[in-house]
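A single chain, nothing else alongside it, follows as structure tokens in the form predicted alone.
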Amino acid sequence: MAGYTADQAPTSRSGPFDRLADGIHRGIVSVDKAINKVIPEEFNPFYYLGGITNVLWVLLVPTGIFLWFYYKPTTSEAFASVDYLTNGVFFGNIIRAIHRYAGDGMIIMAVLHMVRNLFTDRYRGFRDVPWVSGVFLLLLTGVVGLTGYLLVWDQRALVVTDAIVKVLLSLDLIIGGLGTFFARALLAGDSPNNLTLARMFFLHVGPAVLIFFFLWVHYLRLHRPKIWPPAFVTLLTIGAVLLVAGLLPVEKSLPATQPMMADQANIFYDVFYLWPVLLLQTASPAVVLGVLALIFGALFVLPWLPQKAHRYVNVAAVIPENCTGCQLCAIDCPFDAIVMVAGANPDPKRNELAVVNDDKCAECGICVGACPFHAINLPLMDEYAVRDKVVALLQ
């Protein structure tokens, strides 16, 4: 196993982006401390952004199935079916609003979760799989939300569909005919028709199913993932969605079958999902496509970009002569970075030896606290030195 010495400790980062990242990191910690002074630390919602996202996803699934029962994916009946659900079904307007605002909340929490992990440097090395699967989840969530607005088939849906087609056609600038092919495949022809809505419906439900798979991948590398927040935070999240759904009914619009209103400025666009459409009002389709490609391309490659001062240089190290093979460190490691290897212990009476997987170690020190035999340590953060510093601060 690779060893590390004090002279390998990371130097302070000095680049402009590094200073910005460190400043945001300090800001995140300051916000956490401020919230923890007001409410108990175990209820701090910023500690459970991923779990809150899961709660909102759980709200979206049953409400989406309920909407599915009434929806008719044809250009002549789609708007009428949504209107009947909203105004003719008992509590239909509330359920539709819950679905809408839970979707908004999900994308907000997912982005905050990603930003927090980015600026606290929790996306490299052993966290590359959760990060990349999280980017896929963000992309799928965006597709599900975008197509959800198209299924209403109101005048906003016409504008959004036209925007999507324009962005797709800009692919012709890269490879001739590629954008035209994708645009025709999406519309099932040259203009919107019944098959268009059928395909939008598939693009709404299909990626939603894929979200379950990528959630499994997202947690696969974690030993004991926290996929659900405490009961108080869960109830607070559900209550917030219900409150917003009750106070802010889903906005009304005209059906796509009516002539387009002259003043399109009155059309409401959900900024969380439809921001590319708003950007298209001031930029060309090629620019919008470039922005989307740049954002998701950068997010996908972030874990492997070079870093001047790599932070993970303090990987836990096992002291073989002290290891009893008790497995406490392996049990407590939240990242499944420690395995017990039979027959590797230098003491034949002890048999198993703890071995650290450097690629998974988060340098969190939990294993050091779990071991009662001083058989594992962080080379750059000796437990005795840490204890002495803590005692000195307490005196």
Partner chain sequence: MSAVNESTGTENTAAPAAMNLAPNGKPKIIGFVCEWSLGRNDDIHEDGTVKGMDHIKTLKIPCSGFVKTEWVTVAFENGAQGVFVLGCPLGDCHFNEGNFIINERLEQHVGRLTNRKILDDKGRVAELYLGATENGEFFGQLEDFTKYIAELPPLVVQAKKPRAVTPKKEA
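Between two forms, the rigid core is the largest collection of C-alphas that superpose within 1.5 Å. Computed from a prediction, not measured in an experiment: that's the story for all the values here. Numbering follows the first chain given and starts at 1.
FYI, the form predicted together with its partner chain isn't displayed, but the following is about it.
Proximity of residue 224 to its partner chain in the predicted bound form falls within the 4.5 Å heavy atom cutoff. Although the partner is absent here, residue 101 sits far enough away that none of its heavy atoms falls within 4.5 Å of its partner chain in the predicted bound form. Proximity of residue 317 to its partner chain in the predicted bound form: non-hydrogen atoms within 4.5 Å are present.
In the predicted bound form, at least one heavy atom of residue 122 sits within 4.5 Å of its partner chain. In the predicted bound form, every residue of the candidate spot (363, 366 and 374) has a heavy atom lying within 4.5 Å of its partner chain. The candidate stretches are 49 to 57, 31 to 39, 341 to 349, 62 to 70, and the one lying within 4.5 Å of its partner chain in the predicted bound form by heavy atoms is 31 to 39. Residues are counted as partner-facing when one of their heavy atoms sits within 4.5 Å of its partner chain in the predicted bound form; in 361 to 393 these are 362, 363, 364, 365, 366, 368, 369, 370, 371, 374, 378, 381, 382, 383, 384, 386, 387, 389, 390, 391, 393, in sequence order. Relative to the superposed rigid core, residue 323 undergoes a CA displacement of at least 2 Å between the shown form and the other one.
Here residue 49 does not count as shifted, since its C-alpha moves by less than 2 Å between the shown form and the other one after the core is aligned.
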